[in-house]
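Next up is one chain by itself, shown in C-alpha cells, the form predicted on its own.
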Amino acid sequence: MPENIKTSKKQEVFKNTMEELFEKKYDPIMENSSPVIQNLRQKAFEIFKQNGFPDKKTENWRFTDLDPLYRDDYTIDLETKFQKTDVNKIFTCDVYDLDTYCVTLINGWFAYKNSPLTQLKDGTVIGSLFKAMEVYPEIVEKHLGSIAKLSEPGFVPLNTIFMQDGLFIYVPDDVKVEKPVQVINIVDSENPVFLQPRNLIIAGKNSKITLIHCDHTLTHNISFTNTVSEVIVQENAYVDHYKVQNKGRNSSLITSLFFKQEKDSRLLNNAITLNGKFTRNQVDLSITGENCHADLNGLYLVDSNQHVDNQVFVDHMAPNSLSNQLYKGILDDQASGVFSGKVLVRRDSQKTQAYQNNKNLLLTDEAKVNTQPFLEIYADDVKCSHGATVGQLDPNAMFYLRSRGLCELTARQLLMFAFADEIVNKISIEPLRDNISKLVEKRLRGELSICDQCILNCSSREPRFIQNFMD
C-alpha cells in the first residue's frame, strides 16, 4: 500500500478517535465552562469535524510528516484538575542570579502550593487558566479564542475542544511587572500521553512583562504536547517573550503562538530549540496598530533523526510599523528542518518595514532543510526584504583557525558557536543569556541531554531553589 494511503488512514482513525472522545467526555469537558466557552468549544468541534488534520497537501505542512504522531495508546486526562503540590520540593534552579516569579505546569495542569491564582501587589494576576475561567470570566471570555485561528486544519481547533488548564496572566494598565515570569512546562508520565495546555496572556495599556517559557520532559517516554498560546499586547505595552525547548528524544511538541499588537506596542520573541524528536513552532503575529515594533528570532539545533519546523506569519494590518525575523539552524546527522516565513503587508499599511532572514548550516550530506521566505505586499511605500541561505561551514574560516593551531573539531565548534551566538545575544536577561550560551555550547559538543535542564536541575547538586511566588 502506498505511504500516502497509510498516512491518510492513520489520520482518519485518529480524527475519529478524537471526535469520539469529545462526545464521550462531553459532560466533564463542558461542566466547568461558561456558555461562552462552551460555544467556543462547540464551534471548534464543528470546524475540526469538517477540516480534520492537515496533510502534505496542506501548504504549511507539506515538508512535515505527521504520521508518527497518530497513535492509539495515548493517555488523555481531561478530569484531573489543577494540582496542589509544593513545587520547590521537586525542582531546583542552577541559573544563579535569575530572579523570577516561577510557575509550573505538570502534564498540562497548573501546579501550586497554596493557591491556583495569585495577585501581585501591582494587581497582576498569574495562575491557572482553569481557575481564571471561574474567578475572572469577563476577562477570559473576552480574550480566549479571540486571535487563535480556528479555521486552520488540525491542532488549534483540537486544543480548543479539549483545553482544560494552562497559564493565565493579566497585567493591568500602566503596570511594569518587576521580575520576569518563568513558566516551566513539565511532561512526566510513565505512559504515552497526549497533552493540550492553553495559555492566555494579556498585557494592558502601557504595561511591560517578561516571560521565560521552558518546555521539558523528565522521562524518556513517548509524549505529544499540543500547546496554544494567545498573547494580547495592548497599546504602548512591551512583551519580552523567550521560549526554551529541551525535550526528550521521544517527545513531540506543537506550539501555536498567537500575538496581537496594538498601537505603539513592542514585542520580542525568541525561541531556542535544543532537543526534541519532533518540534513545530508556529508564530502568528497580527500588527493591528501604528508604530509597532516586533523582533521574532529563533535558533534550532537538531541531530540524529530529529525534525524541527518553524512557521512564522506576520500580518501588517496598519501603517508605520516594523517587523524583523531572524531564524538560524544547525542540522547534523539525518536531522531535518523547515522554515516558512510569510509577511503580509496590506493595502493601507504604508511606511511598513519588514525584514526576514533564515540561515542554516548542514553538517552532513544527509541533513536537510526546506526554507521558504515569502513576502506578499499590497502597499507601495514600504521597505521589505527576505532571504535564505543553506550551506556548510566556511572552508576559508576553517583553514584560518586550523592554521592558528586549532584542531578540526575545535575549529568546527567555534564556527558553529559563533553562528548561533547572534540569536543568543538577543536575550536581554543576562543570567539567562549566559546559561543558554553554555547550553548551546554543550549541545554543539553533543553533551546536552534532557537531564541538563535550562532552568531545572534534578541532580544531586544543591543549587538555590527557584523562588516560587505561589508560596
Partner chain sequence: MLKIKNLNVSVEGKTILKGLNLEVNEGEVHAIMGPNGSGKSTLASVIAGRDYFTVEKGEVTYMGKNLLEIPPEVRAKEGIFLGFQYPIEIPGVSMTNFMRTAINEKRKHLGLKPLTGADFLKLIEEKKKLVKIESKLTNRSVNEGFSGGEKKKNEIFQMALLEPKLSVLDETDSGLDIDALKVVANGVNTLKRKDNATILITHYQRLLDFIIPDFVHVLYDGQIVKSGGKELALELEEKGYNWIKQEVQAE
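Residue numbers count along the first chain shown, from 1. Fair warning: this is a prediction, and the values are worked out from it, not measured in the lab.
Missing here is the form predicted together with the partner chain; even so, the following discussion is about that form.
Judged by heavy atoms within 4.5 Å of the partner chain in the predicted bound form, the contact stretch among the candidates 221-229, 299-307, 394-402, 343-351 is 394-402. Residue contact check for Glu408: one or more of its heavy atoms lie within 4.5 Å of the partner chain in the predicted bound form. Mapping the unseen interface onto this chain, Met30 falls outside it, with no heavy atom inside 4.5 Å of the partner chain in the predicted bound form.
Contact check for Leu414: a non-hydrogen atom falls within 4.5 Å of the partner chain in the predicted bound form.
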